[in-house]
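A single chain, nothing else alongside it, follows as structure tokens in the form predicted on its own.
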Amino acid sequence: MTDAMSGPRGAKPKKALSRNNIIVYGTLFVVAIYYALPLYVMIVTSLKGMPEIRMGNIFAPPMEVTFQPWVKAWAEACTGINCDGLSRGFWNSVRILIPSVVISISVASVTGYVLSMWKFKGSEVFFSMLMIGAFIPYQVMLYPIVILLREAGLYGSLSGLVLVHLAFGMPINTLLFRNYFASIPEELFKAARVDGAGFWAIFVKIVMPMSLPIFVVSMIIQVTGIWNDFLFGVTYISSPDRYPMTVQLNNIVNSVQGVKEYNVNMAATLLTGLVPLVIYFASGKLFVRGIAAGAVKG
């Protein structure tokens, strides 16, 4: 009875608006504004006509919303000798993206599975070579790859660019899969082997159903890197008809012909970044789960 009358015990509850919370949330708010402000300017500028843009207030919302800059950026803007906007580059990027993502994830997942669960002689050396490959600067390999693609008859083709993305995306994705699979309890694999399951049965029936987050992480990394790539696209594609979307965006923004249309440039930039943004926002939670599990274990 005496204890009950003495009042509650334990640590005193923290105030919702303590000094530390104000500093943390204030810093996060400033950082959010810093990153969101350029995006806001891009969106409102893309919805304005050129007469309104010339008035000079870049932060003001559009007085009269127009989607003509978006239409022109997609289907009418000139990129060199072609005046069909970003539409041609979009489909080129899709033709590059799909096989690059599917093949790289498929091969990297199996390779990571082998390195984590099915050790073989020289596996650690092989893994070390992959890690070295993950940190080689792209610029060092540009000219040797040009020679290899030329000798193989693939220089200037979309197939050659797909092979380049496969080669550079494999090491980091293999690392992610290997570390994630290493966190799966080994007893599951031993029990499956006792029941007679082989290499592919364990991978398909046990590993893959448990690994959706890391597959999403790998997909987002590959989609973002391949879709936003400019260096490989401008280096290994020789024909303007095969340029990916980022190279066409550069040609639109840096065009020296006619009047500088900032609304069209902003709309073209937003269109180019739309695909990775949609994929990221659609699978953001799985991405966070997968990267937390796959990046710190193994």
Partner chain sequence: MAIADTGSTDRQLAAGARRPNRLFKNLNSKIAAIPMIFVAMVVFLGGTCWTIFYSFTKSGLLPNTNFVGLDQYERLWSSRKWMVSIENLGIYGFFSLIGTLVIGFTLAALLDRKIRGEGAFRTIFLYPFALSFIVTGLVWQWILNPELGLQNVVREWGWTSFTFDPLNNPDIVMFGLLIAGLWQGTGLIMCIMLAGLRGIDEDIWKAARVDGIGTVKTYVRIIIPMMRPVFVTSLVLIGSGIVKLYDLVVAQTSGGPGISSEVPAKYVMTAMFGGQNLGQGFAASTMMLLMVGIILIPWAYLEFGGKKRG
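Residue numbers count along the first chain shown, from 1. Here, rigid core means the biggest group of C-alpha atoms that superpose within 1.5 Å across both forms. Remember, predicted model here, so these are calculated numbers, not experimental data.
The form predicted in complex with the partner chain is left out here; the points below concern that form.
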Gly273 within 4.5 Å of the partner chain in the predicted complex, heavy atoms | yes
Examine Asn254 and determine whether its closest non-hydrogen atom to the partner chain in the predicted complex is within 4.5 angstroms.
-> yes
Answer for Phe181 alone: is it within 4.5 Å of the partner chain in the predicted complex, judged on heavy atom distances?
-> no
Partner proximity in the predicted complex: Pro99 to the partner chain, non-hydrogen atom cutoff 4.5 Å = no
Note which of Leu115, Val162, Leu149, Met219 lies within 4.5 Å of the partner chain in the predicted complex, where distance is taken over heavy atoms; exactly one does.
-> Leu115
The listed residue (Ser87, Asn82, Asn228, Ser157) that reaches within 4.5 Å of the partner chain in the predicted complex by any heavy atom is Asn228
Select from 122-139 the residues with a non-hydrogen atom within 4.5 Å of the partner chain in the predicted complex and write them out in sequence order.
-> Ser123, Glu124, Phe126, Phe127, Met129, Leu130, Gly133, Ala134, Phe135, Ile136, Pro137, Tyr138, Gln139
For Val65, is the CA shift between the shown form and the other one at least 2 Å following rigid-core superposition?
-> no
On a core-based superposition, does Thr27 travel 2 Å or more at its Cα between the shown form and the other one?
-> yes
